[in-house]
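Take a look at this single chain, the form predicted on its own, given in structure tokens.
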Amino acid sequence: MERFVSTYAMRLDSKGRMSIPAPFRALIARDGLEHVYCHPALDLPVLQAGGARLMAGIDSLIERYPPYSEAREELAAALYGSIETLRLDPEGRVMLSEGLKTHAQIRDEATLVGVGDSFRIWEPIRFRAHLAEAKAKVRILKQQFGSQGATRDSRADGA
């Protein structure tokens, strides 16, 4: 199964349109779609976008809660209610609404980042800061896993 991968710097044109990278469009097209689903992330100033796998992930998340439960209703309203369907024009561009741009603080440039089953649309400076923070956390995790592996190895050696 193909994934949304890589990072692309994009500019919004004078009409507010932004190109979706060809590899991302190819994955959307495989879903039989001529549009991109897009919603404001619940926990970050970024947009979450994608095709059928994005929607399947949202469906799966919501279905974890009992039907008619308050949590399920709130999550469904927050996610389904905020999804916008962005039509791809013949050149592979979409128009971000003012609400989406405001949430992500996007003006005339955006960074599109593949995250597996979907992609994120960031304001470039915010993405660079987020990426630096994420890399720092990964380095800490790597050190923790490395020390756990060393402890496990020493136990296996009888130490």
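Everything quoted here is computed from the prediction, not taken from an experiment. We number the residues from 1 along the sequence you see.
Although it is not shown, the form predicted together with a further copy of the same chain is what the next lines describe.
Enquirer: When the contact criterion is heavy atoms within 4.5 Å, does Asp117 count as touching a further copy of the same chain in the model of the complex?
Expert: Contact with a further copy of the same chain, yes.
Enquirer: Determine whether any heavy atom of Leu96 comes within 4.5 Å of a heavy atom of a further copy of the same chain in the model of the complex, and answer yes or no.
Expert: Leu96 lies outside the contact set for a further copy of the same chain.
Enquirer: Using heavy atoms and a 4.5 Å limit, would one call Gly92 a contact residue for a further copy of the same chain in the model of the complex?
Expert: Contact check for Gly92: no, nothing within 4.5 Å of a further copy of the same chain in the model of the complex.
Enquirer: Using 4.5 Å between non-hydrogen atoms, is Asp59 touching a further copy of the same chain in the model of the complex?
Expert: Looking in the model of the complex, residue contacts with a further copy of the same chain include Asp59, since a heavy atom lies within 4.5 Å.
Enquirer: Taking a further copy of the same chain in the model of the complex, which residues of 53-77 have any heavy atom within 4.5 Å of it?
Expert: Met55, Gly57, Ile58, Asp59, Leu61, Arg64, Tyr65, Pro67, Tyr68, Glu70, Glu73, Glu74, Leu75, Ala76, Ala77, in sequence order.
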